[in-house]
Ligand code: F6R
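In the form predicted alone, a lone chain appears below as structure tokens.
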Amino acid sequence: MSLKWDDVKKLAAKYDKKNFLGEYLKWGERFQKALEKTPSLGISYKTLYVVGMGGSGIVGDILRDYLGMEMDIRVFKYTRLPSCVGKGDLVLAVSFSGNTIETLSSVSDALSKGADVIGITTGGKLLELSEKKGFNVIRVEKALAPRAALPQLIATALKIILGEKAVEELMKIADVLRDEASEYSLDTRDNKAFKLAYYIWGRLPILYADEGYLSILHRAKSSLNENAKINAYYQTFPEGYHNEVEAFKEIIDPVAYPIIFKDHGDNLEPFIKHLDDLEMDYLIIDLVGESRIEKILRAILLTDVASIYLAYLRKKDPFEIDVINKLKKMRG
């Protein structure tokens, strides 16, 4: 169909009354503010356990992808922690609202086991519990929704773990996110985020990357689910060579659209070659940046904003999450 940029702007005005897109365009600024605000706590620990759900839980996935080869980082998205948790361990509890039932339960479990706890939140019951039990909580800047608050959540976590030594490098990433976000605004017609949304429109995205970039895949899937209201699936490699690739023996579903997040030295070339031999349509997104954390955050920003534009194209409000809220109430 013929689509003019003015049409996209009209869709945004009609379906994004809260200007949810604008929340993502503030990422660089919010990342920087969180770095400046977060104190250096001088922590030490045997194992770091990160607990959180949804838009808060992705922080653990990013930390594991970025630092998991250097530190013992374990991510839990459940109501309790394993029996091995105890003294000398740190539990980093991330809950934007402070009221996430799974996170609160995990914190209580951690305290009962003698582990140290640090919370990251805007307030809520997690803050109340910290005042009662005497553990540290770092409060972050509010946003319209937890998924839009990723920059302040992840920057706070990085500062807690890495301390002052990492601030200079992370501040450079804040500048990159600020510049990149400006290229994805409604004032920039020819932007990569809208193009990605347009490619996905009407198709079923299947997301692929190296195992070390699981956070990108999980976040992209979640944003497409929540913002664009579509299904999406993902698989990491090399695990995919032991199962996923057999589904591409032939083109069965022309709606399926492989999207490959590509980095130097990964192991996806044989899969890409097979898709070429199959003459299947797919998209490669090159991961760019001077560090792994920069590559992760830039890819997430791109796919997050693309999910907003896809919501416009599908005539959906990217902010509303009616089904999630309905099922939360049913759960109690």
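Values in this document were obtained by computation on a predicted structure and should not be read as measured data. Numbers for residues come from their place in the sequence shown, where the first is 1.
Only in words, not in the display: the form predicted in complex with this ligand, which the text now covers.
Colleague: Would you mind picking out the stretch of 196-204, 254-262, 144-152, 80-88 that comes within 4.5 angstroms of this ligand in the predicted complex, counting non-hydrogen atoms?
Modeller: Looking at the partner contacts, the answer comes out as 144-152.
Colleague: Would G54 count as a contact of this ligand in the predicted complex, using a 4.5 angstroms cut-off between non-hydrogen atoms?
Modeller: Output for G54 is yes: heavy atoms within 4.5 Å of this ligand.
Colleague: Given that this ligand is not shown alongside this chain, does T100 nevertheless sit within 4.5 Å of it in the predicted complex, heavy atom to heavy atom?
Modeller: Contact with this ligand, yes.
Colleague: At the 4.5 Å heavy atom threshold, is E226 in contact with this ligand in the predicted complex?
Modeller: E226: contacts this ligand in the predicted complex.
Colleague: Can you check whether I321 is within 4.5 Å of this ligand in the predicted complex, heavy atom basis?
Modeller: Yes - in the predicted complex, heavy atoms of I321 and this ligand come within 4.5 Å of each other.
Colleague: Of 57-83, which residues get within 4.5 Å of this ligand in the predicted complex if you count heavy atoms?
Modeller: Nothing in the stretch sits within 4.5 Å of the partner.
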